[in-house]
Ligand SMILES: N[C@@H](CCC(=O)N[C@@H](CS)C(=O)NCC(=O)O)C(=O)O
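Next up is one chain by itself, shown in structure tokens, the form predicted on its own.
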């Protein structure tokens, strides 16, 4: 099972969409709430190479991007192999 990390905010519709897709695929992930833990936002920005919006998604340390990136990866058939790796 890959290690999946989702930096998110409870008020973010894109975060909810991304987490729903991962859940539908049976993926387990760690959610990092940057509102409840604002000190983690700088970590997110550094890991995401400047990405400041949520969600920012990482699978086994690889930056996937945000919600649109996750859905695009899924449409290209690239998400399932990442979820089966690990």
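Because the structure is predicted, anything quoted here is derived from the model rather than measured. Positions refer to the first chain, counted from 1.
The protein also exists as the form predicted in complex with the ligand; that form is not presented, and the subsequent description refers to it.
- Contact annotation: residue 67 falls within 4.5 Å of the ligand in the predicted complex, judged by heavy atom distances.
- Looking at residue 12, you'd find a heavy atom of it within 4.5 angstroms of the ligand in the predicted complex.
- Proximity of residue 53 to the ligand in the predicted complex falls within the 4.5 Å heavy atom cutoff.
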